[in-house]
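Okay, so we've got a single protein chain in two different forms coming up as structure tokens, structure 1 first and structure 2 after it.
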Structure 1
């Protein structure tokens, strides 16, 4: 039995701000249980709902030194859907109202978490063959492994994998503070290690010291070797190209299923969506106060409202878009400039635009189930799960050809009768608008073609089956 430990800062169903949580919560369930014992460790945040915390079982506690301080480490444990989860408890670090508080607070929080992940292992008597780290919050784990745990016989043979879900976030801060917070000495802050443009970078540490690196789509794995997408680390990505693989994310097909999803009022599948799906649209129009018209093309957006997702293109084209025969339903939070932009247009076009500036798992599912199209014109997109959810729920994605969007959405070709969505290549607002309008024409004038696009989309298989096998291969290769 091979033992794998996922270390992550978020994980469905306990706590989620984005796609990382979906991946950390669903991938472990998809490994072959006979060969892999995959467990997950994450912080025990105060904001994890009580229905989960009340089921966690207290294991033990101890004190760990981090820099000059002794810090409390509590361990809780819970079995959920066949997976063992460990939660690391520390009131000082994890009791905020939001899981990320920004720098420099997150710097100490995740230094603590990363070190605690290693420190608890002998205590819980779980010796993983591989610690699989996700994003900058766990970037220090491979570094600490090298720094102080490597000489400890108990830790012998443990390998580390670092998965990049988003290279933009690195955990960057000045070196002096970082040294005092992490307890790492000067040696670790040279240009070939954690130093980054005069500062320190947690993620870079992870990428230097991990035994293997993965990212969440093949295209993004190539893109990050170039300056435009490399976030200053493209040189390192090229240097470690042999250890870097792109494995596209999957989706939990049980959880995300339009036939059974409790949030969806009128269930449907690949056979009956032509009749059933529109009932959800009508219900949503009513719920959100939009014009109730089954024929209106409804375009959805569910997203963190950040520059990454291409919202400056949307902002630029909002008036033009709203002059078309469409409805727009937005669900998201983030940058106030985008939150306010959508609020403004929802006020200006109140029967056409619905701006829901909050987080809601329920409403997100209704949007995927109800809309005709889903808009995701990202500037960059390591993988993207929203377009996979859309495909699964018979909603046609309109995307920019970058990262995982390029790998998972096949552009419609009207001559060959192929494709699962619409896409454009350049980060340009007019190109985006042209593509949306092309989709509108097919929707209104060639409805049979439109429905065939949905047929092909719903027939795709983006469950974890294939990608989980690729991770298993990587683990086998590393463990030998």
Structure 2
């Protein structure tokens, strides 16, 4: 049996700020249990809900050196949904009200965590074949494996995989501080290792020393080899091209299910959505104070309101878009200029635009279940989960062809009768508007064709089972 250890800074259901938590919580459950013993290790944050911490059992504790001082390492464990989770305890690092405190505090927190992940292994008597690291917070694990654990016979044969969820976040700070925190010497801060534009980078260290690298879609794996998407690491990505592969994230199909979702008022499925889905639209129109019209096309947006997500394109076209026969429902927070823009348009077109400048899991699910289309014009999108949720809930995605959006949404072709959504290639506001208007035309003038797009979308399988099989192939390739 192959042993895999996931090392992650967040993981559902214990703690979540983004998609990384979904991957760490959902993927291990989907490996074939007869071949893979997959466990997960994460920090024991003070903000993990009491309903979980009360079920954790204390294992042991010891002291570990982190460069110039000894630090306490407590170990707790818990079984959840058939998976063993380990929690590393240290009040100094993990007792804050937020799991990320910003730089430079997070550098020490995750240097401690990375080293502790390796130090606990002999103590818990778990010798993984592979340690699967996620994002810059665990980037030092492959580095420490090379630097101070490689000469320890107990650690022989352990391979590392580094997964990039978003290359934009790299754990960068000045080299002197980084050397002081990590205890790594000058050797590790040369241009071919952790040095990055005169500073040090945790993520770069992980990418240099990991045995294999993955990212969260095939297209993004190609994009990050180019200067535009590579965030300064495109040369390294090209150099490691043979060890790099893209595997699309999955969606938890039990959790995201329009037939059983408790947030959805009128449940529906691929067979009866033509009758039932519109009831959710009417209910949402009423709840949000929009004009109640079952025939009006409703477009949803659930997102961080940032440039990365394409909101400069939407801002540029907002007046023209609002002149169309559509309604627009926005949910999310982010850059104040976009928050205020949506508030302004919700005031100006109060029966057409609903701006919900906060985050709500329930409202997000209602939007996926009620809207006719879902807009995601991202500048870059490593994987993206919103388009997968849209497809699952019979809401037609309108996306820009980048990263995971390109891999998961097939553009509609009216001549061949194929496709699961609408897409545009260039990062251009007019091209986006043209694509939205093409979707409007199909929605209003070719309703049967529109419903067939939904049929094909709801028939897609982006559950975790698919992703898990591809990761299993990678593990088999690594350990033979």
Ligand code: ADP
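For clarity, a rigid core is taken as the largest C-alpha set superposing within 1.5 Å between two forms. Numbering follows the first chain given and starts at 1. What you are looking at is a predicted structure, and each value in this text was computed from that prediction instead of being measured.
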Where is the form predicted in complex with adenosine-5'-diphosphate shown, in structure 1 or in structure 2? 1
Superposing on the rigid core, does the Cα of residue 149 end up 2 Å or more away between the two structures? no
Superpose the two forms on their rigid core, then report whether the C-alpha of residue 30 is displaced by 2 angstroms or more between the two structures. no
Compare the position of the CA of residue 39 between the two structures after a rigid core fit and state whether the shift reaches 2 Å. no
Taking the rigid core as the frame of reference, how far in Å is the Cα of residue 364 displaced between the two structures? 2.6
